[in-house]
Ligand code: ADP
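Consider the single chain below, provided in structure tokens and representing the form predicted alone.
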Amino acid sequence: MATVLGCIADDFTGATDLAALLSRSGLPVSLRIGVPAEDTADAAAFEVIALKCRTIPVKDALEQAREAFRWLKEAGATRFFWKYCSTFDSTNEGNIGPVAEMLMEELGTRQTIYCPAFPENGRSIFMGHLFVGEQLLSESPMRDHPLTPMRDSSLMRLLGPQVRGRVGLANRLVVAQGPAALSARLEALASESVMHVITDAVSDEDLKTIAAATADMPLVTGGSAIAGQLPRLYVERGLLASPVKTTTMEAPKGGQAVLSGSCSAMTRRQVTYYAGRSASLRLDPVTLAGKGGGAAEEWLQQRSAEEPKLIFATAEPEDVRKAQETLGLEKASQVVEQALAELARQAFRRGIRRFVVAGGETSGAITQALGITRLAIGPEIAPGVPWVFAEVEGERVALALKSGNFGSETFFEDAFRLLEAV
């Protein structure tokens, strides 16, 4: 099957989030970890390539995204989606804007939109400002993110320094008038050489309007929610046949573990809740840097594969800042990722086949450590967070790769309960 929509995601949890919402359509979705080494012979209608490029140098992000784009184009994709976080996680240098401009140049298109809104998860855009629930992004816990602190809520101000072209806005008043009005607004902005358009969205109805107005664009960028509207439109346009019933997936047998590197507000609540219901171990970055992860590996060896286990580096913002001041931002994150990746390998060797992983960077490190290159999408635990299945050394493994702020307080417990029912 030729690919219709080729998607590039800037981290692994974002990729599973995107794949989950596309899978709601019942159409074939394939999730690849990194740019595939294999050819495109078995490409699906929707191909998602997960990169780990959110916070790497712009040059490296562009190189990875360009390679992914060319693979997707070879697979037959005629439309492309650049997926980033619904909280627009980035710096003044990028990498959201630079990758979007590179893709526009590759496609020869003069305009694209930016719509990270995900109303189902409380992310909305009004007058160009991003809200997390009822809080402006800059007033939400994201302002203290250890890698991409979001201190401004204006998407136009956030995107502007990242791109060479002009930035404009299609606000909620236009979106509320429907697809024709939005299309006219986009065309008017294009006539003024506005290449990058922030689109307001506060509800799923807004997303339907935006998708209808932009479904024929070569490139759309945003969060997973806007992409989730596209399959229906592609079927209506005759680009894809109506979906058929998909095969039920069987969950793997084996033990379980939760590995958390995220320090988001919601993950901190989830860790606190689950720590009271499982054997738990906290990792300290400074200790890891000085003594390594041997003590944590010994702790894991003393636990049975089946008992509930939680290993976490999740910490309060003040503790994160202290670790970064002692080790430096990059090393503080690196030692945690490396430790959790090695613990994931040790857990697999001890018979654990069910993993819940919290945090985008952590998910990337663990997925790569396990040698996973492709994931099949299973049922959603929470909006945008599915169970995914893979083969590791000939064994079937289930993973839930959770973006930091997604899910409820009981997410870890809910995830394993749902897997028992699969």
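A residue's number is simply how far along the shown sequence it sits, counting from 1. This structure is a prediction, so every number in the text was calculated from the model and none was measured.
Here the subject shifts to the form predicted together with the ligand, a form of this protein not shown in this document.
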| Only one of Ala77, Ile113, Leu169, Ala315 has a non-hydrogen atom within 4.5 angstroms of the ligand in the predicted complex; which is it? | Ala315
| said: Going by heavy atom distances of 4.5 angstroms or less, which of Thr214, Thr221, Asn95, Ser333 would be at the interface with the ligand in the predicted complex? | reply: Ser333
| said: Is it the case that Ala323, even though its partner is missing from this view, gets within 4.5 Å of the ligand in the predicted complex, heavy atoms only? | reply: yes
| request: Flag Gly404 as yes or no: does it have a non-hydrogen atom within 4.5 angstroms of any non-hydrogen atom of the ligand in the predicted complex? | output: yes
| said: Taking the ligand as it sits in the predicted complex, is Leu147 near enough to touch it, meaning that at least one heavy atom pair lies within 4.5 angstroms? | reply: yes
| message | I'd like to know whether Glu380 contacts the ligand in the predicted complex, with contact meaning heavy atoms within 4.5 angstroms. | response | no
| request: Have a look at 188 to 196, 263 to 271, 169 to 177, 127 to 135 and name the one stretch with heavy atoms inside 4.5 Å of the ligand in the predicted complex. | output: 263 to 271
| remark: Near the ligand in the predicted complex, with a heavy atom at 4.5 Å or closer, the residues from 354 to 379 are Gly359, Gly360, Glu361, Thr362
